[in-house]
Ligand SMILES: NC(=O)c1ccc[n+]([C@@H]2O[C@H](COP(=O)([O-])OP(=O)(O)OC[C@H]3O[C@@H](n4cnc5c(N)ncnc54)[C@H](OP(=O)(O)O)[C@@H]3O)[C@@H](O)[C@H]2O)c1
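Only one chain is shown below, in structure tokens, and it's the form predicted on its own.
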């Protein structure tokens, strides 16, 4: 199920605090960075904050620039992005600025929280997610029902932590302010145990007056039958690698990437790589990794087409090579059609051997693109 692109946005002190313990909000960003945030808000479909942030900061959460609002309406979009909050209890102040400024608002909550929010007369659409809050159906609802393709998350720390832990964040924009808070009672961006396993990939840094903006991309694969934002990144890369294959009338163009549990790329490959007319993508990638590499046991193989189970060109099909390497997780975009092999089922073979296999059909068209000549396309 597709989700919106999730962008986490926060500003912190040099020692990692979001605020101090004083009665007034600690301003961490510079004036120029506040304008940058306004520009980002204008670019998204929705902005989300937790109910605790509404209670603590009473924000309006608006696009302040009239020019940016005018550009949105000229493009056929609402003047303001949809404003979203999340609460388990429905403990909301109906007089908060959040409800009475800007455009449409929506509250995601539990069954009990929905009853309370409606009784309070909250000026927003109230959507219950059932007995418990769950980020995945929330994101599905935003994407499929509300048409949100790009979501900006402005806090608080609990919300940021949960989205990172569950592998649902696509980008982190973190502003570092030149001051220290030093109060252990002050709110931090992430609490104990709240860190994502694996490193983030640095995309960009920028000095904005006296603060520094750092843009990161999560890289660690998902786990437990779920796809993370990193899974989508690596699978997209595998599909793009398929376009590098020399064209063939007798074999598919496939790309593959092998990624360690901490988000480190171990190897990549594509069909017919390096002048070998019969090498397969997974085979090419795995051949670049020493068989004794201990990271293989917890690695993920990303491949644009499910691994093969039969082949005439080599004695071992790719599904068997994956099992021999000890890899226990595979993410693919496209189930193999009967074009060359009848009843191919690499996914079934791997799952029967205990390998977790995720098929992300949202990337099927991208995987098929370099194979159009084999599928009856021009």
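Positions refer to the first chain, counted from 1. Please read all numbers here as calculations on a predicted model, not as lab measurements.
Another form, the form predicted together with this ligand, is not on view; read the next lines as being about it.
Under a 4.5 angstroms non-hydrogen atom cutoff, this ligand in the predicted complex lacks residue 325 among its neighbouring residues.
Among residues of the shown chain, residue 10 is one whose heavy atoms approach this ligand to within 4.5 Å in the predicted complex. Under a 4.5 angstroms non-hydrogen atom cutoff, this ligand in the predicted complex lacks residue 320 among its neighbouring residues. In the predicted complex, residue 240 stays away from this ligand, with no heavy atom inside 4.5 Å. In summary, among the residues 133, 251, 229, 266, the only one with a non-hydrogen atom within 4.5 Å of this ligand in the predicted complex is 133.
Of the candidates 28, 349, 344, 42, 28 is the one whose heavy atoms come within 4.5 Å of this ligand in the predicted complex; the others do not. Partner contacts here mean any heavy atom within 4.5 Å of this ligand in the predicted complex, and among 51 to 59, 325 to 333, 64 to 72, 311 to 319 they occur only in 51 to 59. Residues from 149 to 180 that approach this ligand in the predicted complex with a non-hydrogen atom closer than or equal to 4.5 Å are 154, 155, 156, 157, 158, 159, 162, in the order they occur in the chain.
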